[in-house]
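We begin with a single chain expressed as structure tokens, specifically the form predicted on its own.
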């Protein structure tokens, strides 16, 4: 690992029988856990984490299957379900001495954060998600030619074999595509960090696909069960998104209100990698959330 968050200590913490997470910890005060997205590692939070560490204990892990964390083979759909990945984070925080903590996630990490909020409402004090919809809603709004923007979701939803072969054969081109087209400020991800993200993703193709495959299967089942039961996020929630609704023809805030009772929904002019492109905006948002 070339890149590290300056001033943070690194350790490995066992969270499951065959899974140890790489985690950076810095600062002191009320804890907040920051979960990265695709195709990145915990380093995407470097700007935000450094600021929050002035008065919070900030915990930045690599998710299971990503970065320098362990990458267990997918025994079944549950190995990389968001329920399992959320349990990893609750166990991680507990082993670091935090029974309750705030949680923020971007992209894949946001889906893990949502599941943690639904499954562990007494543990998660505040919740922030960056640029996702809950899994069930995401699949519902993708239709027709507009769904082409999410071609990777459909590719990685296919049964094991072909997706792994295709992506492994052109891993740098595949992962680099998203790093390039999803950002409005290329300088936000310097060339050497981009190379590290590509290397980390290249070494994690099967587990990344398993994560996405779970979101086309078992994760939907979990969301459907929550919707049928009327389960909602009970902690203060802040959502920051690009203005997807205008492009795809739906009301993002309305969708989120069905899941969160105490919701602040914001849109941003930054690109998808907003914690790197607009860190000051994300820091301000998180500090506002933590004050609620």
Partner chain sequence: MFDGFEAFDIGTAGASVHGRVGGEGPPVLLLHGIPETHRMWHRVAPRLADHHTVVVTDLRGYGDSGKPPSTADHEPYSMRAIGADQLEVMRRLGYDTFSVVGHDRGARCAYRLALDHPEAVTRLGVIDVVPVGDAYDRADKDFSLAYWQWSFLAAPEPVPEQFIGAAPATLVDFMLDTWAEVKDAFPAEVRAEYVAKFSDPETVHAICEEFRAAATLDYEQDEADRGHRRIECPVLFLWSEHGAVAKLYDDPLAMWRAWAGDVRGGPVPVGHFIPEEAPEETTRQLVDFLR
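Because the structure is a prediction, the values reported are computed rather than measured. Positions refer to the first chain, counted from 1.
What follows is about the form predicted together with the partner chain, which we do not show.
- Stretch 214-222 is the contacting one of 214-222, 183-191, 89-97, 110-118, since its residues have non-hydrogen atoms within 4.5 Å of the partner chain in the predicted complex.
- Judged against the partner chain in the predicted complex with a 4.5 angstroms heavy atom cut-off, the residues 165, 174 and 177 are in contact without exception.
- Put simply, residue 198 is far from the partner chain in the predicted complex: not one heavy atom of it is within 4.5 Å.
- The closest heavy atom approach of residue 74 to the partner chain in the predicted complex falls outside 4.5 Å.
- By the criterion of a heavy atom within 4.5 Å, residue 122 is excluded from the residues contacting the partner chain in the predicted complex.
- Residues of 118-150 placing a heavy atom within 4.5 Å of the partner chain in the predicted complex, in sequence order: 139, 143, 144, 145, 147, 148.
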